[in-house]
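Shown below, as structure tokens, is a lone chain in the form predicted on its own; questions about how it binds or moves come after it.
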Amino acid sequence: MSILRKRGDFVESEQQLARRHARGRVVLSVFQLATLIGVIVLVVLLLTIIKNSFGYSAVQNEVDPESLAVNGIPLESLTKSQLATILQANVSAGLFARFEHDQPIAERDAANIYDLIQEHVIAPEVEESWNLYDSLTKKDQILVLMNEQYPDAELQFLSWVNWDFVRSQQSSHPEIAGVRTAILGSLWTISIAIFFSLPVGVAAAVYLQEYARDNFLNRIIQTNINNLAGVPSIIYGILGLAIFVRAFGAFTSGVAFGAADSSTANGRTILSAGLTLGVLVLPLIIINAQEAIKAVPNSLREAGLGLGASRWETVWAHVLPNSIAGILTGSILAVSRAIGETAPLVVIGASTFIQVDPDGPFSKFTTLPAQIYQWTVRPQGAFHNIAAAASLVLLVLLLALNATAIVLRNKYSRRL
């Protein structure tokens, strides 16, 4: 009987093991399916963006660029003074006065004046555009349509993502519009956000993890920090509008420092936007820094204290160096969220059309996400093309910033 009972127990344990393995295979399949779905979604997103960033376009100029040549010298090779003369001769006096008001012609470079001629004199117009798939598979149909509907237009295969697109300013004509001002605005705002939120967030995390006692007040603070990490970004925009734009507008506009005219300046500047994004990502940095600090073994703290070091010396010499990799990882995630935000910046006052590059923290601004949003709501198809192109630029910028942060983190971690 005992032998039969043992044999029955052995058979039952084998069956249980088989069921456990079967459940494990099911769970593994679910994980693999979830990963596959995520990869498919990302690939479809990327292909959609690429599809709309290239293709044929029917382009028609209001003025032939060759007619603006001086003594046989093409437009792009003319001097700054020659370009300024052509611009003034071919636009209305009111429009030229507006250019002078935005930025005096004498202070503009030749490339900037050339862009103004392209936009307001040559004025290329995309009559119709086709995505990459249609351009590759339906070229004959496109040529027939061109001959019937746009006989005076020129069929061009355009790469909406190019160096001119990156270096050019905003324009009402999608054919010559660029994202230079938006890129500079994004870099300015994200830099201010990092310089504000990183030291404040790490300092708060060190206090909460290493110094704060487990009492009612500190538990309330910790709970609120966790809750703030999930607050919608538009709420932070309202907070930034109330505090940085209105309450501290004299400082964020530069009036208090003599950097702006009090009659025209307001707090809707890069500084307000950067501080708002800094507040937005602050809870994320605090939480990630706390987790990184918590992962440091207590034996290191006890060893430092046992050798006579103060609490601060132990934190500075042992805890922070061993948690820096995790802290920087959290900062990378925070930057990734901040650089793609649009809603709080719209509330703060991000311009959707601005042609003057930001030259300091008190300048007007726009950002890449805000620019993409503004282009996607336009009815013209060409604006959708440059919105896709700007999305590629934003992805490249985000990857470049993240790669730089990862390299610095790994390099610093190896030194430790």
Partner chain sequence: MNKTYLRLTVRKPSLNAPIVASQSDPNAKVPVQQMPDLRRRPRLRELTINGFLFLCGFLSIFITFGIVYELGKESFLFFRNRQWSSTNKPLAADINPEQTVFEVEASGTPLQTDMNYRIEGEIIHIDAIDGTSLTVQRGFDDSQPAAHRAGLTLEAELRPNLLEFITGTEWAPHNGKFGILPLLTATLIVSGVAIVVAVPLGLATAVYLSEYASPRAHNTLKPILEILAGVPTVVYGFFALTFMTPLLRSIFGADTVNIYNMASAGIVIGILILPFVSTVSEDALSAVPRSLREASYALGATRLETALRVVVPAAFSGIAAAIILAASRAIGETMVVAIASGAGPNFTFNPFEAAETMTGHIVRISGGDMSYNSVDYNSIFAVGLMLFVMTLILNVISQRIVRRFREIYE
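In this text, the rigid core denotes the largest set of C-alpha atoms whose superposition between the two forms falls within 1.5 Å. Only a predicted model underlies this, so the values are computations on that prediction, with no experimental measurement involved. Positions refer to the first chain, counted from 1.
Beyond what is shown, the protein has a form predicted together with its partner chain; the following relates to that form.
For the three residues Val255, His318 and Asp359, which mark the spot I'm curious about, does each lie within 4.5 Å of its partner chain in the predicted complex through at least one heavy atom?
Judged in the predicted complex, none of Val255, His318 and Asp359 sits within 4.5 Å of its partner chain.
Can Gly230 be called a contact residue for its partner chain in the predicted complex at 4.5 Å between heavy atoms?
Result yes; Gly230 sits at the interface with its partner chain in the predicted complex.
Taking the shortest heavy atom distance, is Phe353 within 4.5 Å of its partner chain in the predicted complex?
Contact with its partner chain, no.
Just checking whether Phe195 would be counted as a contact of its partner chain in the predicted complex - the rule being heavy atoms within 4.5 angstroms.
It does not: once its partner chain is placed as it appears in the predicted complex, Phe195 has no heavy atom within 4.5 Å of it.
Can you check whether Gly340 is within 4.5 Å of its partner chain in the predicted complex, heavy atom basis?
Yes.
When its partner chain is placed as it is in the predicted complex, which of 148 to 156, 231 to 239, 77 to 85, 185 to 193 ends up with heavy atoms within 4.5 Å of it?
Residues of 231 to 239 come within 4.5 Å of the partner.
Tell me, out of Arg246, Arg167, Lys138, Arg98, which residue has a non-hydrogen atom within 4.5 angstroms of its partner chain in the predicted complex.
Contact check passes for Arg246.
State the residue from Ile221, Ile73, Ala89, Ala303 whose non-hydrogen atoms include one within 4.5 Å of its partner chain in the predicted complex.
None of the other options qualify; the answer is Ile221.
Could you run down 311 to 326 and flag each residue that has a heavy atom within 4.5 Å of its partner chain in the predicted complex?
Sequence-ordered list: Arg311, Trp312, Glu313.
Please check if Gly360 moves between this form and the one not shown, taking a CA shift of 2 Å or more relative to the superposed core as movement.
Stays below the 2 Å threshold, so no.
Once everything's superposed on the core, is Leu392 shifted 2 Å or more at the Cα between this form and the one not shown?
Superposed on the core, Leu392 moves its C-alpha less than 2 Å between this form and the one not shown.
Once you line up the core, how about Gln380: does its CA shift reach 2 Å between this form and the one not shown?
The answer is no; the displacement is under 2 Å.
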